[in-house]
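This document opens with one chain alone, in structure tokens, the form predicted on its own.
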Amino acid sequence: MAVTPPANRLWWNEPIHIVELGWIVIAFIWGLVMFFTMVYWHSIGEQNLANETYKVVPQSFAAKAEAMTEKYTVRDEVGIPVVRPPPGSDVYLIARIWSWWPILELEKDQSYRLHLSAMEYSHGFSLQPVNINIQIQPGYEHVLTITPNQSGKFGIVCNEFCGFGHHTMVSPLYVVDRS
């Protein structure tokens, strides 16, 4: 109930005051500007990753990742294999209970098709400081083409709460300059 209710209870039949009409027009125009800005940034601003997503059986994805790891392992780091796949190849990265597997070592200015999937829970793939973020679900394979343009050690962080060991789910990603 209003403090001073209108005398005529059918308020929607009352004429709109010019100031109120002005604010309605401003809000409508601003809404259109924001809508078309989103369309612009989506299509021209290159703000979104061009990725593909497929349904996959987690065990078959793990088998592909293990085959790649056996073929391209160059060393171990804290018990996790470090793989150096050739440029242009398919690279598989598994998100499993509180770890990323295997550790990747890629070449600067070379393209790779990165395949991501989770084995049991939902995880978040966040590549820092580049700020690439993808939510990884079990039963889905996310594929994106990446071309590292800086060498160094980058961090892969799970940014989707996945249980009590979530805070330990970090992994390095190495980019080496072979030129």
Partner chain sequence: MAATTQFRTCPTTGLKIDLAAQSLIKANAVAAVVFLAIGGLFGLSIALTRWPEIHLLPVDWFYMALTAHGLDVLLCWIIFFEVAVLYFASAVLLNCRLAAPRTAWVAFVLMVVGAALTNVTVLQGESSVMFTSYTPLRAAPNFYLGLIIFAVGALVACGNFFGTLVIAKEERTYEGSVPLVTFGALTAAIIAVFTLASGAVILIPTWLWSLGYINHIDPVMYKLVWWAMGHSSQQINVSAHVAVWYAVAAILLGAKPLSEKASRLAFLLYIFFLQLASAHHLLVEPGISSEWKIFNTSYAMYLAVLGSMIHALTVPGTIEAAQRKLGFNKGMFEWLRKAPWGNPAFSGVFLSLVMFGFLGGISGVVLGTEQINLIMHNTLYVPGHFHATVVTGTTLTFMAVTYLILPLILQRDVMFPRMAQWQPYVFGLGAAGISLFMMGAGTLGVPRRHWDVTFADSPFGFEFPSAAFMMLALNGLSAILAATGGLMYVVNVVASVFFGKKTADKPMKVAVPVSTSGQPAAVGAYGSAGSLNIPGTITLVTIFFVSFVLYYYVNWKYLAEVWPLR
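Worth saying up front: this structure is predicted, and the values here are computed from it rather than measured. Residue numbers count along the first chain shown, from 1. For the two forms, the rigid core is made up of the largest set of C-alpha atoms that agree within 1.5 Å on superposition.
Keep in mind the form predicted together with its partner chain is missing from the figure; the text below concerns it.
Heavy atom of P58 within 4.5 Å of its partner chain in the model of the complex: So P58 does not count as contacting its partner chain.
4.5 Å heavy atom contact, V78 and its partner chain in the model of the complex: Judged by the heavy-atom cut-off of 4.5 Å, V78 is in contact with its partner chain in the model of the complex.
Close approach of H115 to its partner chain in the model of the complex, 4.5 Å, heavy atom: It does not: once its partner chain is placed as it appears in the model of the complex, H115 has no heavy atom within 4.5 Å of it.
Proximity of I134 to its partner chain in the model of the complex, heavy atoms at 4.5 Å: Yes, I134 lies within 4.5 Å of its partner chain in the model of the complex.
Within 137-152, the residues that have a heavy atom no more than 4.5 Å from its partner chain in the model of the complex: Contacts from 137-152: Q137, P138, Y140, H142, L144, T145, I146, T147, P148, N149, Q150.
Shift of W23 between this form and the one not shown at or above 2 Å (CA, core fit): Yes, the C-alpha position differs by at least 2 Å between this form and the one not shown.
Q59 C-alpha relocation of at least 2 Å between this form and the one not shown, rigid core basis: It does not reach a 2 Å shift.
Post core alignment: Q150 C-alpha displaced by 2 Å or more between this form and the one not shown: False for Q150: its C-alpha shift is below 2 Å.
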